[in-house]
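Next up: just one chain, as structure tokens, the form predicted on its own.
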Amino acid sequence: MKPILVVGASVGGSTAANTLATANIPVVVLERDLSWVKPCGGALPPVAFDEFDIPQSLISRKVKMAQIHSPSERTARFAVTGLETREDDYVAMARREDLDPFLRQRAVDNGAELIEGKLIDLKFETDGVIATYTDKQTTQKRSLHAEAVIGADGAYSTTARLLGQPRLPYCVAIQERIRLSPDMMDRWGDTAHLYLGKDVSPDLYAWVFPKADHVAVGCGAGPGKTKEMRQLLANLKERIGADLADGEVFLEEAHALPIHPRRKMAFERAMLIGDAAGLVAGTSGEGIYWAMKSGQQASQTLIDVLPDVSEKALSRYQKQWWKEYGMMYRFLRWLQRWGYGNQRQMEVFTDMCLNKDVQQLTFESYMYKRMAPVPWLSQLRMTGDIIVSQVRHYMPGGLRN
């Protein structure tokens, strides 16, 4: 059988390749630049380490607290815990320069072939796919005959473009890695901080995520905000300046995140996964887990249906994905628009995060990747608190602080 071509060797592509390789299906991974490290906050739910067999040694820091800062600097601080206390009540912070090479090398060790080169063209024929790429070392054009293609090549996916798909609308994120002294790192401890307000993000949020010996400080914003990003980051650093004293910026990063999933992810002899399919969660911008999960599911679909690589057969992946996760994606997209709509709504969002039911249900869903059922009493409490907060921040004469 001709190999499966996986375009992109980041977390999604490497997971897809490894799934195929361990099933003894020939696979070739085409990566444009093996030295490139994707800019990323690096947050992973603990379930990912068991589900994808990732060693705990790749966890840079375990975040056990979260703190939301409203535009007026009111705060909601709460523990990372679901509906019941568990040993793995934390958000794992990983460094992509550690995680990506591990996943990539594991796929190679299990039999995947790795090529460094840039995809130029895909030609779909009755007996396979002819992929044309430029070899990075020789700069020569080469061709590869594949059985099918998995596009795992990010927000600006060449695979998606060659499949005739439009470019997705995207958010922009900018981040600095700042090395701090041990005393300053202790100030951040095991807490992830999210900052709301139009001065740091007009429609999303800014963050500080602690790693082993540094913090990742960044801002995200929606479409059309690219020119504003450096000023937004400067505003954030001024807002938290006392807790970054004498910090050394050793890396600056920027990247795009697709904000709407593609309606179509399966084609004749091709599938899209991760950012290439727009599978980034609204509200949080989380993408690592979803890239790996979609890579695993797309590859498993191939394992189940080969040698049939028709669109009908491969659409099992798409149907399964939205059956399992469609409700979660729709809810998070709605929450993003509702919670970050304006300054007052960001204050309401902060109030909502003070509700114990919201905290537990949010982390139950995040850590175990399933929509947690909402008991009717919890629903009543949450709804009541939100209504009170809406009145406080919107009604004439209502409290605004």
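These figures come from a predicted structure and were not determined experimentally. We number the residues from 1 along the sequence you see.
Omitted from view is the form predicted together with a small molecule, to which the following refers.
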So in the model of the complex, is the small molecule close enough to Met352 to count as touching (4.5 Å, heavy atoms)? no
Consider Tyr90 of the chain shown here, and say whether it contacts the small molecule in the model of the complex, taking contact as heavy atoms within 4.5 Å. no
Taking the small molecule as it sits in the model of the complex, is Ile288 in contact with it (heavy atom to heavy atom, 4.5 Å or less)? yes
Heavy atom of Gly117 within 4.5 Å of the small molecule in the model of the complex: yes
Every residue of Glu31, Gly154 and Asp275 near the small molecule in the model of the complex, heavy atom within 4.5 Å: yes
In the model of the complex, which of 232-240, 181-189, 206-214, 304-312 comes within 4.5 Å of the small molecule (heavy atoms)? 206-214
Pick from His255, Arg95, Lys264, Arg316: which has a non-hydrogen atom within 4.5 Å of the small molecule in the model of the complex? His255
